[in-house]
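Take a look at this one chain, the form predicted alone, written out in structure tokens.
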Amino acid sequence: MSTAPTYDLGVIGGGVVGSTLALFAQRGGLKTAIIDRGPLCREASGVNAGTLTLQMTRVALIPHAMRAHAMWASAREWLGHDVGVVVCDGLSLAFTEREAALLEERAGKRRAAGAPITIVSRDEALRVEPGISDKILMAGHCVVDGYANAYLTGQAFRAALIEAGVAVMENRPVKGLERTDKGFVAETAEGPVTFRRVVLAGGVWIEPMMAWLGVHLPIKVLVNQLTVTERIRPVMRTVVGIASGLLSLKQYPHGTVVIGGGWQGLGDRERGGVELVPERLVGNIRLACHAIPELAGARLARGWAGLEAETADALPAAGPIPGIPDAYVCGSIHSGYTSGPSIARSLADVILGREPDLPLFPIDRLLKAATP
């Protein structure tokens, strides 16, 4: 007879979203377990650029992004551990008339949703960030911006979860999930784990996870390329992007500059990000040097590819799984590092029987669209 405990809640997927949800659920009184096939926050949550930005966030996510930015900025208070957060200004640059029109339109919509984004002149942008090119026409300026050290995220969450009493099961792939009359059983190589309720929080892997329950939820897999320079003298002090969204730049306190922006590499859900595409990488780096001219003298230290999940409408999958009581999904959030903690906290409130103060994103809309 098995003596393994039955948890009130099982969270499958240990990225930023799953870890945040497990933490708040445990603190809310639910005996919680979190399971991941690798170490916590070492998939998408550990290999992104760590950017905390509103200017790259979907309009519908602005309220969550605002709250999550405040959560990241106060990580020591609610998480209890440092994740290297730096709060600073952010600029989105326009070099052409087309980019300027795009910038004004998007900034207006995000501002209407509550983001403190203003349009500033070239001279004002240069005052905010002297390192940018003087060839810009204008810029979007947001005082709620910044970045974290994505590499530290897993270490911080692991410590916080263990301190809270969550059962942390790392390096333990889940092979399947079965419904029973008492809840759910996750099959792993080390044996079954039983829950009364379950949350699927696996990012790009949510699609095969949902298949365990007989639900088809298409999730697109993006393979983002990122690079980091050697340590160089300070050449910028803000987070810099461009109106098209194909660039994100920030310089960490120790001198390295991380270059991102969604230029696509090769990989897939099964293998992860497996290969960089040099011709695309060159375009990304040229754009970075165009925005911050002094970067042209820096050497690249390394590059990598990380996966990002996207639903059909690029909005999150967050809420109950229709037709399956006590099963929930949470993830596939564009710019999820920025907004993920807030969305996960709202879903934890729902599971705890509380009314969330910010709306979720139920997947009914996506399941209807996926029906042949």
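Just count from 1 along the sequence shown to find any residue number. The structure displayed is predicted, hence computed values, not measured ones.
Form predicted in complex with a small molecule: not shown, discussed below.
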| query | finding |
| --- | --- |
| Whether 84, 140 and 238 all lie within 4.5 angstroms of the small molecule in the model of the complex by heavy atom | no |
| In the model of the complex, the residue from 284, 194, 224, 244 that sits within 4.5 Å of the small molecule by heavy atoms | 224 |
| Contact label in the model of the complex: residue 199 to the small molecule, heavy atom within 4.5 Å | no |
| The small molecule contact in the model of the complex: residue 209, any heavy atom under 4.5 Å | yes |
| Contact of residue 16 with the small molecule in the model of the complex (heavy atom, 4.5 Å) | yes |
| In the model of the complex, residue 173 touching the small molecule (heavy atom, 4.5 Å) | yes |
| Among 165-173, 230-238, 74-82, 123-131, the region lying within 4.5 Å of the small molecule in the model of the complex by heavy atom distance | 165-173 |
